[in-house]
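Single chain ahead, written as structure tokens, the form predicted on its own.
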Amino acid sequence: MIQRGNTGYKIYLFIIFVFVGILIWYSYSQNRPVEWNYTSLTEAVKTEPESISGVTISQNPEIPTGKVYFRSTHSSDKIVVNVSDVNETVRMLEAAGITVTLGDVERESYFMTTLLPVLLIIFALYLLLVFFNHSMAAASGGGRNMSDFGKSRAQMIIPGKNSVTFADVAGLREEKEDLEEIVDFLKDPKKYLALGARIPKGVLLVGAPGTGKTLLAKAVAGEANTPFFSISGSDFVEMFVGVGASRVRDLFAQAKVHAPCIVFIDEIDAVGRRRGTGMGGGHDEREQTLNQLLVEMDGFTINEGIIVMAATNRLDILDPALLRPGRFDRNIAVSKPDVRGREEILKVHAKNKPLADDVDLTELSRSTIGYTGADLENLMNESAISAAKDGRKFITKEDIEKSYIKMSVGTEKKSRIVAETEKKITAYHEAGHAILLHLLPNVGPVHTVSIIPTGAGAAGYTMPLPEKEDLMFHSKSKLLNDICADMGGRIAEDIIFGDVTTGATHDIKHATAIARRMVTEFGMSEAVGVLHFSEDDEVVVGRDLGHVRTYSEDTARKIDEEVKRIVDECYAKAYDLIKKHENVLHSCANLLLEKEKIMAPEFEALFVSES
């Protein structure tokens, strides 16, 4: 790291060099005489000999050449003339009555000819070195010089400074049980070593973003009360070859000094991707870094007392050598919390937030299916912001519902001016969705219908009530009903206006994706059969450059036909339902145009009045 004192010293040294250079230049420019040619000298001697004074001739000792120095009344500067015959010039000047003083030719200064250029070159190299040092420090994250460029950037948390324990991790009971063995080993390793047991060298936490992988790693270090090294996978990789491998070596060298300890690598997929999938071959910097990591985790060198923990949400792209026993022995799936876990997480995040009497965390946990721990924390935070914005000292149920809508579909843009024609189309579009959500099983019932534009770019939205149970899988009938519900907006536009708009783009995309997965992944098509034809969504260039599709063109045609058949049949079914309840379609659209947003009781009343 560049120290402040060194920086000040360099600045002063730079000023001194500049000052000395200015003095040398000024002295040289002041003492430098003005040059005349020999003809000008002879003319001045013939016409105005009295104007010439202080003549000094410097002669070379070997040859009769030299220089004539004098002053003239027509110039304030000293004048010099180079002559080829000093003897002839002396005779000319003495004949004109001018006193002449003879001497040796002035030799050029050694400092000016040799030493000064060398010093200037050294100074220029010094400036380039300082500039390059600052550039390398900026490239390595700032505050580092060249000698520290290959050092690890891991942040070390010493025992006692990490206040996170398993008590701060809610909703992950099984995951914490798996990690308690690691904690017990770090506290009392002799108990396991006496039985010949080998503690896992590496633990890989796999799960969706926001499920609490990093928090779990901190809790392990906090429970074991051991040093904790934290680093991101991207911190290893640089544009300079060999830097990543050097940082890996330095990280494990530091860990050995503080063993037993935990090394946590967040987002390890940045450095642990499968080798051979890049365009750089085996000389790719990322692969060199991975090779060094593999050696450090399980090579000839024994890293006793060092447990490597890592987190990723892309297990499929990690190198197999990284996942084998002896490196990452355990893969712990950190899943999204269930209803009990969500309630525990909500209680943790609501601990310091005053709640109104109408807020029921148990009910809220049932209505937030699919939410991760980070989502729940953000929901409570947004609710607190909403309450503070309205000037309340506590969080109400309305604040939570408003934040729920904001996170689901975006902030409502109530001030946006919408043309009456578009508002009418949106009203019928959302009414079509709402009718199908009400009539079809396993997809509703309706919670909110709105034609207020949202921050997500939608002209309106129809929100069903959240499911009351955590479902691990979905039936074929439910998937078909989901496709039908997606078609409600397009069908309503077609029935009422005889024309369609681009407003159903997202609905059609979602419906097509469900139908294609039913055919290619779930085996729910009799024409194609119980087979799996899905391909990876992500194309890895090195791996998939020569990838060949595993099924024929005839099978691909059948898949396309089946996807179209499913969507067409669902469209026809949804069309008949909406046509049958066209009166409710008009009533719902008119009510939306009047109020802009309606809730479940108002919508369900429309079906009661119809009957």
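We number the residues from 1 along the sequence you see. Here the structure is a predicted model, which is why all the values come from computation and not from measurement.
Form predicted in complex with adenosine-5'-diphosphate: not shown, discussed below.
At a distance of at most 4.5 angstroms from adenosine-5'-diphosphate in the predicted complex, all three residues 208, 213 and 377 contribute at least one non-hydrogen atom. Here is the short version: of 504, 83, 170, 243, the single residue with a heavy atom within 4.5 Å of adenosine-5'-diphosphate in the predicted complex is 170. 373 is the sole member of 272, 489, 373, 460 with a non-hydrogen atom within 4.5 Å of adenosine-5'-diphosphate in the predicted complex. adenosine-5'-diphosphate is not drawn, but in the predicted complex it has no heavy atom within 4.5 Å of residue 248. Using a 4.5 Å cutoff between non-hydrogen atoms, residue 447 does not count as a contact of adenosine-5'-diphosphate in the predicted complex. In the predicted complex, adenosine-5'-diphosphate sits within 4.5 Å of a heavy atom belonging to residue 349. The closest non-hydrogen atom of residue 308 lies beyond 4.5 Å of adenosine-5'-diphosphate in the predicted complex. Residues within 4.5 angstroms of adenosine-5'-diphosphate in the predicted complex, judged by any non-hydrogen atom, belong to 170-178 and to none of the other stretches in 523-531, 222-230, 86-94, 170-178. Contacts between stretch 429-448 and adenosine-5'-diphosphate, counted in the predicted complex as any heavy atom lying within 4.5 Å, involve no residue at all.
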